[in-house]
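Just one chain is shown here, as structure tokens, and it is the form predicted on its own.
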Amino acid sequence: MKRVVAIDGPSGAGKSTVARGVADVLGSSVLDTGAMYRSATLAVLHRGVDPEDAEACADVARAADIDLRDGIRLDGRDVTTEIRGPAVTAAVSTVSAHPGVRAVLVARQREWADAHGGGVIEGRDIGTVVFPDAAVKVFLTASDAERARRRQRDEVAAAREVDVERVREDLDRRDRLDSTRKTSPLQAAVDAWVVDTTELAIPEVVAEIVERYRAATGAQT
């Protein structure tokens, strides 16, 4: 069993907020795998590679230096804000669907966990593919309207004005692509705790995950 808390789910379900909360309580490191795929996608766009070209995208991902230790850096440049922009959002599901890209980044995610002795890891295939032996697996969901509202709030906070209906349409598109891809589709692990966060307070979710982790590992931190 890996001392990993695997948190999966679609955009806007609350993965990042919950992951940070759990990591704070446990004193663990946290890894946002979505940021890794977004960084790889940005590298693809910067190099003028066609996002549909699976082999070329895998080559770019393999060569990309993605550093998440202090913000998000791609090949030494801070891209924390840029990876959340519309260009990357439009292409990330296509790039991340390529098996070669996923193989590169999954290997890095496992290396990260080994280096940190486990941790809290969020994404879309953490409990099903990356760490099927995680100590705790959680799949977060929320209503379409609530997820769209949260994402619009994030866009406004980043000074990008976006209509909530447009955000909802984009979420629907990404959900469809991510859940139907052949390699590592977005889905809950059979043994995951599935949580609808639409009306739940984040501290409640964090507390339950921490309790489950401690029960599974015997950890007291």
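In case it trips you up, residue 1 is the first one in the sequence shown, and so on. On a predicted model such as this, the values are computed, not experimentally measured, just so you know.
The next section is about a form of this same protein that is not shown, the form predicted in complex with a small molecule.
In summary, the region of this chain contacting the small molecule in the predicted complex, judged by heavy atoms within 4.5 Å and restricted to 22-30, 173-181, 65-73, 44-52, corresponds to 173-181. The shortest heavy atom separation between Thr197 and the small molecule in the predicted complex exceeds 4.5 Å. In the predicted complex, the small molecule sits within 4.5 Å of a heavy atom belonging to Arg84.
Of the heavy atoms in Arg108, none are within 4.5 Å of the small molecule in the predicted complex. When contacts are judged by a 4.5 Å heavy atom cut-off, Val138 does not count as touching the small molecule in the predicted complex.
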